[in-house]
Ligand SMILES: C[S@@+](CC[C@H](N)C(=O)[O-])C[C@H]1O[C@@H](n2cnc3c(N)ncnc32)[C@H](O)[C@@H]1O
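This document starts with one chain, in the form predicted alone, laid out as structure tokens.
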């Protein structure tokens, strides 16, 4: 059970085989994370702070506490601790080149364009997409939806304040039009209010039912399926495919492969897939 007082001073014993299996099964059951044997040290390193902070004497005590917490807050903290949120602006830049050159020209006549950044982490991908869309599509009303399972990552994305050294490699026009020096945080840039109004962030667990029936022309879901086992990957890919318009594009991470997975998407190039339909040349009808 949790203790008060000197909770940060007591040593936490690493998880034993049974305790690791409890955490592993909980992570898989609740958000699809596949913690294979051999990840015991990773689990210990990621969760030790939570155990020490809560004064738990063992991983079994902590596990029972997470299950008993009807608010879900303990489970959310566990998810935040175990998930990896590494990202950057213009990460895997060939995807953005492809989007600009091959995908967006077909959307220019639309009244509105809304795309989805799944597993958006701390928001850099969302703001990169928005800045690119604003430049390439001056006519349509633009919106980017960013989702992630981690509350911590979404808090950072919503705050939208980034160190200057992370922003400086963006095109100068993007920096001047999209960011301003943050007065409250030295050597940081803040996304301008006008851009923030074109983005919606929300928490979403990819293995749970999606809270919309909307179809998107473009979905970015990069570098998250590598943490799923094959059956979970297949289920998530099927749901993402169902969320694409006919002719819509799914972008995944370069380290992710659909090899051995049944799906109805057409391979376009490495890490880019397309749902069949639309017009010739891989483009779709403007709405």
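Everything numeric in this text was worked out from a predicted model, so none of it was measured. Positions refer to the first chain, counted from 1.
Although it is not shown, the form predicted in complex with the ligand is what the next lines describe.
Shown without its partner, this chain lists 91, 143, 110, 102 as candidates; in the model of the complex, only 91 has a non-hydrogen atom within 4.5 angstroms of the ligand. This chain is displayed alone, yet in the model of the complex one of 167, 204, 136, 81 has a heavy atom within 4.5 Å of the ligand; that residue is 204. The ligand is not shown here, and in the model of the complex it never comes within 4.5 Å of any heavy atom of residue 77. For the chain shown alone, residue 227 is a contact residue for the ligand in the model of the complex, at least one non-hydrogen atom being within 4.5 angstroms. By the criterion of a heavy atom within 4.5 Å, residue 223 is counted among the residues contacting the ligand in the model of the complex. In the model of the complex, none of the heavy atoms of residue 160 sits within 4.5 Å of a heavy atom of the ligand. Across the options 102-110, 186-194, 68-76, 149-157, residues that bring heavy atoms within 4.5 Å of the ligand in the model of the complex belong to 149-157. In the model of the complex, 120, 121, 125 are the residues of 120-138 with at least one heavy atom within 4.5 Å of the ligand, listed from first to last.
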